[in-house]
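Here we start with a single chain on its own, the form predicted alone, put down as structure tokens.
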Amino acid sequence: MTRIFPDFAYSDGPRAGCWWDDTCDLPDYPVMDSDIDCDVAIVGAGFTGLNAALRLAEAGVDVIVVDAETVGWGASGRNGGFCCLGGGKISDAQLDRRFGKDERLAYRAAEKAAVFHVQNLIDRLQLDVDKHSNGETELAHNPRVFRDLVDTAAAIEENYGVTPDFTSKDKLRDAGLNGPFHGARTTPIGFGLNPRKYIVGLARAVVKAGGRIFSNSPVLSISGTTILTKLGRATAKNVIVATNGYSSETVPNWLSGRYMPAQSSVLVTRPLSQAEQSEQGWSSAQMAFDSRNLLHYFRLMPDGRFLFGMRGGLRSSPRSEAQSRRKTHHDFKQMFPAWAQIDVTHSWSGMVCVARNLLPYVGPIPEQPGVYTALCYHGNGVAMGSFSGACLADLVLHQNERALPKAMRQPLATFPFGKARRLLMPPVYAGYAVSDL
């Protein structure tokens, strides 16, 4: 198995200190240590893989899920818990140029459908996931951006069929959103959740529906529709690869050079008292992010803890991980100075995944019949990763295939420099930093 970051990125080091791990127990699943015949074999037990498995198992398909670690070990179990619009990093103008207005609206409808897909699952499975927040709030980091947020309100209405709400700079404290911001736009679609509780609930539902989950069973290769692990092999009619930012260049070979992992760092504080919340002027239950390209995202959770995250470093080692955590803590204190002395009890990092065309891909792997994949959610995998997994199941079942927008059916293009493509990231980040001034 070949990956483009050093081994440390795929070890337990970056996720050590993950708050979500303390919030609920993870069921034990066996190692795949024998040969298996099944209808569908899924590689990766995260949002995408488990949503695909649940849809298939409930349809009566004999499905297995195999993970190199444990359920939710990757990005699905260590993200910020934002179930929100997104999945790509592409503008309306770019979508219109590439696909036309109708397909742009179809893609934006899929973003909205992804959020409601998760909501419906939570309701149907009766999952307690510490849900909160009425939509998502974007906070302008300078006055020009706030004007842009107001000016583009019509696009929100056209794309998603909802009317955003605005909060001027002088009203932010009254709204419990106080910080170094110049106004806010709230789009009433989305909510915050505990991703660990969500992924555990999904896994239990998969098993209840008849699916089988195997942990600590890294897939070494995919040949046709047979997957090989160290201790066994699964021969299937179809295979789904659902590894996103933790993908390998060789499982399968087609993925080589077609995805860009990028690190994101998160911290969580001790619970904040009402007096401490009032001192900073942040008491809102809204999940929020600032308007920078290298954005910060944050939310006050139901138990009073504050979660704060941002794009992580460009290298992966114990030293660079420590540097990223210090940088995250620095930015947190700078943005919320009244909490500068508040204890940060947990911090960790994980991988998001970017495509060259800035869009998620859901579909077959070319020239490998019976093998499908979905990945590249650009930091919005709670909703889009879940939805894409269900869409993959539909493709395998030959159901609702035309419902997938054209923008999500474009096979991933390769990045320049192949295995060395991480060299592209420093100049990109530098450009973003300048534009964020």
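Remember, predicted model here, so these are calculated numbers, not experimental data. All residue numbers refer to positions in the sequence shown, first residue = 1.
What comes next is about the form predicted in complex with a small molecule, which does not appear here.
Contact check at 4.5 Å (heavy atoms) against the small molecule in the model of the complex: none of 94, 99 and 261 pass.
In the model of the complex, residue 377 approaches the small molecule with a heavy atom inside 4.5 Å. Contact check for residue 70: a heavy atom falls within 4.5 Å of the small molecule in the model of the complex.
Residue 306 falls outside the set of residues with a heavy atom inside 4.5 Å of the small molecule in the model of the complex. Residue contact with the small molecule in the model of the complex: residue 242 places a heavy atom within 4.5 Å of it. Shown alone, this chain has one stretch from 124-132, 216-224, 176-184, 104-112 that lies within 4.5 Å of the small molecule in the model of the complex by heavy atoms: 216-224. The partner is absent here, but in the model of the complex a heavy atom of 350, alone among 88, 211, 164, 350, sits within 4.5 Å of the small molecule. A single residue from the set 355, 288, 251, 236 has any heavy atom within 4.5 angstroms of the small molecule in the model of the complex; that residue is 251.
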